[in-house]
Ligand SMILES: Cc1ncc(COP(=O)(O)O)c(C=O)c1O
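Presented below, as structure tokens, is a lone chain in the form predicted alone.
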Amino acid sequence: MTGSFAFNSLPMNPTIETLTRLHELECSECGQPHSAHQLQLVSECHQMPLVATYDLRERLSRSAAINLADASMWRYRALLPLLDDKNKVSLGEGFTPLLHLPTLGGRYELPHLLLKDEGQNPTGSFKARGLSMAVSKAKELGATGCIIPTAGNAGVALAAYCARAGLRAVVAMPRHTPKAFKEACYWYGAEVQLIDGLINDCAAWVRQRNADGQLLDVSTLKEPYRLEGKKTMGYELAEQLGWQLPDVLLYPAGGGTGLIGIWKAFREMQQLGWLAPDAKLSRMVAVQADACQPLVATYTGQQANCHDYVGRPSIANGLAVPRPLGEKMMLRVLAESNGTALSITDEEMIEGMRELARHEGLFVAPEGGAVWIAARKLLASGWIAPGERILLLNTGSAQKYLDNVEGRWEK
């Protein structure tokens, strides 16, 4: 099912005093407008992701837009798509710490090495941001339940936020997903289906299970609002850095929503005048698993696109996404930012996890280990210069990955 979803449209109610500058949804392929007042899936014109746009013609200062008393992603309320705060479904997600890494920075001559730790979100990963927003909009627009294919963290987040909202949650995840992810979903009361294969196989099951369209499919980029939750990482890190941006931002890209969302935030801040006119935007680096690197394969010219890519499991469950719907959008970010893409082996991820744990006291997900090793490789190649400000994005806590990494703290 594409285009408008089969739930209630939200009437234009003049009695609602909304804080958002939300304007409409646009097709990411051609820009064709779609209504932001009813639940939408992919665009009717190209069956591609829809992107929320905002009316930024009138000046909106940082002081007027940011609620400094709200230590969550909702502090950027005017630039988020929720119309009525009564529909907000929140567990305090966002505003995660931005940490200096002095020991590793000193060892590798990177004096401005930083890490944003998304593992400190509710449900233990950055997925809390996107699912908080998606479930809030699902509630606002009349959905009674949601369904998702997941590599792990997104399913846990959906289960938690649906429980908070009183909505039904159906989660499909690979059978080999670590036990902690499955158990969390059960605790939150979600219906869990275990599938042989990777997330694309889970997506096929979701399409069959939800053929009648009774549940809102919140698969990555198949609805427009997870992206809006993820973009808040971009606003936060700019605020935390005094409205400067890092020279290089390394992001573990599976489905790529966060990579796309952070870049969207950077562009919005440019339009708002929140960044200096001559400010350079970060060079964006997409980091993938060697076992599943569809974006890297397309970026380096090994294939025309990811449509027939076959991946393998990785200890970084979130990177095992063989056919990301947002591939074109990710490639656009890399091109616009003068960025790059590279892959990291599972063994290298373990090495990265070990270094961050032993030298910085951070127990990061394998995806976090991957971005650190990627930074080391780019430094060695000369793509990163020692004096540049480098930001690593750790997407989650390693606690839920223990089935994958148990005992591997030893070389």
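Bear in mind that the values here come from a model prediction, so they are computed numbers and not experimental data. For every residue, the number given is its place in the sequence shown, counted from 1.
We do not show the form predicted in complex with the ligand, though everything after this point is about it.
**Q** Answer for Asn153 alone: is it within 4.5 Å of the ligand in the predicted bound form, judged on heavy atom distances?
**A** Contact with the ligand, yes.
**Q** With heavy atoms only and a cut-off of 4.5 Å, decide whether Ala253 touches the ligand in the predicted bound form.
**A** Ala253 belongs to the contact set for the ligand.
**Q** Does the ligand come within 4.5 Å of any heavy atom of Lys231 in the predicted bound form?
**A** It does not: once the ligand is placed as it appears in the predicted bound form, Lys231 has no heavy atom within 4.5 Å of it.
**Q** Spell out, yes or no, whether the shortest heavy atom distance between Thr123 and the ligand in the predicted bound form is within 4.5 Å.
**A** No, Thr123 sits far enough from the ligand in the predicted bound form that none of its heavy atoms falls within 4.5 Å.
**Q** Which pick from Gly339, Pro294, Gly318, Gly94 sits with a heavy atom within 4.5 Å of the ligand in the predicted bound form?
**A** Exactly one listed residue reaches within 4.5 Å, namely Gly318.
**Q** Since exactly one of Thr177, Thr257, Ser219, Ser136 fits, which has a heavy atom within 4.5 Å of the ligand in the predicted bound form?
**A** Checked against the cut-off, the match is Thr257.
**Q** Out of 237-245, 73-81, 125-133, 203-211, where are the residues with a heavy atom within 4.5 Å of the ligand in the predicted bound form?
**A** So the stretch in question is 125-133.
**Q** Could you list the residues in 387-411 that come within 4.5 Å of the ligand in the predicted bound form, counting only heavy atoms and keeping sequence order?
**A** Result: Thr395, Gly396, Tyr401.
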